[in-house]
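Presented below, as structure tokens, is a lone chain in the form predicted alone.
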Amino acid sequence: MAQNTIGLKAFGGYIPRLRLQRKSITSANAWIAPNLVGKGKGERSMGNWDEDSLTMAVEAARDLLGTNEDRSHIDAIYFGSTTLPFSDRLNSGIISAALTLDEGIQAVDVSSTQRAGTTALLQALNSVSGGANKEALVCAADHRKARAASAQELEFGDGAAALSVGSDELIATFLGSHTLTVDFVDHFRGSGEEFDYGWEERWIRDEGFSKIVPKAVAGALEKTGLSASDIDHFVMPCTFARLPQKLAKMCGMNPDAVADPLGAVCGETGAAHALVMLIHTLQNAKPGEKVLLAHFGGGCDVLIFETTELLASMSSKRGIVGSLEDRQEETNYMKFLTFHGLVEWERGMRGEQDKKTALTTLYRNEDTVMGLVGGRCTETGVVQFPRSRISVAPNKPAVDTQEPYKFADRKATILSWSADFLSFSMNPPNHYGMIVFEGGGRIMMDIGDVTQGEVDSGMEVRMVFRIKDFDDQRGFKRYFWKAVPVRNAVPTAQAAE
């Protein structure tokens, strides 16, 4: 039976647009790793050079929250990831700033296990159930590195998921959970190391998954009073072929209930993958169906939900289904290695700038930089970016009349642009231009996720939160907003190069 009337209120998802064809990987490495040729089917998601766990989590959360500027209903945020950009800085605090959430929220990072996503979700459910929070936002994302010519390079993918947890207007009711904590080391990544070290597959499959998962599932079913035959969807990340079907049978579930692991079209997105698969399942589920979510790693988390009639209200969400449909094939394996920092390459003299960030300036302009918040003159209504003491309204330079004005979710188009091969870029040519916003305001900014010849004046764009540049000397990442094309939009003006 349900512990309390709590559950999921909404979801959002994000998979990077680039999809590296696995054949490109196996072909490039066939001389040294011919044993991997058989794994060269399908594609894996590939974060762009300016994407990491934080930027993907922000995009998944924006998909969930929509364009409503009032986000005061969110009073907690939990971020699960094993690839946090900062080891000692509140990563969920950066997400909160980008989403312009209220300052009074609780922000928590959850890491160090593949179960970080489901653990973050459990913490959110417990906080709402206990009355500490009314509505909590859960984000999970991973952007893992793998050695070239390794199986992980083919199996991994990049992606993010977001869920909101509350006690009313639920799309899925939380029925209960069970967790096993077992120090079973199937893989590990030592402190300061870049890559995972994995143990022998048969050991992981037979001693790990096959013994721990059924025990955890049985515990969850016992707590909820359900039987295995009640489960309509079995969601469990696993890169071993046909093992989820075997586990379902061992647990007493119908093997046909096993959810698509998305390995062929996305790859496994690490700590986020259980939630990525859950959202993908919810986008195809019907009201009244029971979903069992399990994630293995240092034991196993199992959560059970039952979908409601309100699930249909999510039909307009992009989610994981929409993200998977928005794809661009990538066959350049060297670009993948470069974007993931796996090769040393010559950046030229223009790439040798010292990118030190003044933390004082960042703090004083936090909403401008992290939230893309400009100003609106309360006397004339003129909007501007950045906000300043003196209004830019023509012939009326009012002083101290600016109120915060959010640009991030407003419609915009490209007024003028340049594709520059001379300035340094991780993905030349460097596209940037003047972006004009519906309702007023313009910002000179970078244009991302485009190929040469694609950009044009009048093209509709949307804002995305991305890495601006790296301070390699001090290990700092600087974030800002960029414009990316709205793919289905029709240009409204002639080119003006």
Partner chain sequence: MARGIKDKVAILGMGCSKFGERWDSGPEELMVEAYLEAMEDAGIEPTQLDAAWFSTHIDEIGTGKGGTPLSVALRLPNIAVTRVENFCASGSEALRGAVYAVASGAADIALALGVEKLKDTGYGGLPVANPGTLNPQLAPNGSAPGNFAQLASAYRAKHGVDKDDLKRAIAHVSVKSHANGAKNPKAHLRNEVSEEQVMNAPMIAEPLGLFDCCGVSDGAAAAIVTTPEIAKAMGKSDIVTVKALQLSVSNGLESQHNSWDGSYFHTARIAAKKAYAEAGIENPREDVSMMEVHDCFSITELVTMEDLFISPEGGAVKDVMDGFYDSDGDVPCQIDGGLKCFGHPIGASGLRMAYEMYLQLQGRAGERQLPNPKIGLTHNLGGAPSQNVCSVAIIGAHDA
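A quick note: this is a predicted structure, and the numbers were derived from the prediction, not measured. Positions refer to the first chain, counted from 1.
This protein has a second form, the form predicted together with its partner chain, left out of what is shown; the following refers to that one.
Exercise. Going by a heavy atom distance of 4.5 Å, is Gly47 a contact of its partner chain in the predicted complex?
Worked result: No, no contact at 4.5 Å.
Exercise. Would Thr331 count as a contact of its partner chain in the predicted complex, using a 4.5 angstroms cut-off between non-hydrogen atoms?
Worked result: Contact check for Thr331: no, nothing within 4.5 Å of its partner chain in the predicted complex.
Exercise. Is Arg71 close enough to touch its partner chain in the predicted complex, meaning at least one heavy atom pair within 4.5 Å?
Worked result: Outside the cut-off, so no.
Problem set entry | 4.5 angstroms heavy atom contact with its partner chain in the predicted complex for Ala264 | It does not: once its partner chain is placed as it appears in the predicted complex, Ala264 has no heavy atom within 4.5 Å of it.
Exercise. In the predicted complex, which of the listed residues (Gly93, Pro255, Pro287, Pro386) lies with a heavy atom within 4.5 Å of its partner chain?
Worked result: So the residue touching its partner chain in the predicted complex, by this definition, is Pro386.
For this session: Answer with one of Thr113, Thr357, Ser210, Ser313: the residue that has a non-hydrogen atom within 4.5 Å of its partner chain in the predicted complex.
Result: Of Thr113, Thr357, Ser210, Ser313, the residue with a heavy atom within 4.5 Å of its partner chain in the predicted complex is Thr357.
Problem set entry | in the predicted complex, segment of 304-312, 386-394, 160-168, 178-186 with a heavy atom within 4.5 Å of its partner chain | Heavy atoms within 4.5 Å of its partner chain in the predicted complex occur in 386-394.
Problem set entry | Partner contacts in the predicted complex for 409-425 (non-hydrogen atom within 4.5 angstroms of its partner chain) | Leu415, Ser416, Trp417, Ser418, Ala419, Asp420, Phe421, Leu422, Ser423, Phe424, in sequence order.
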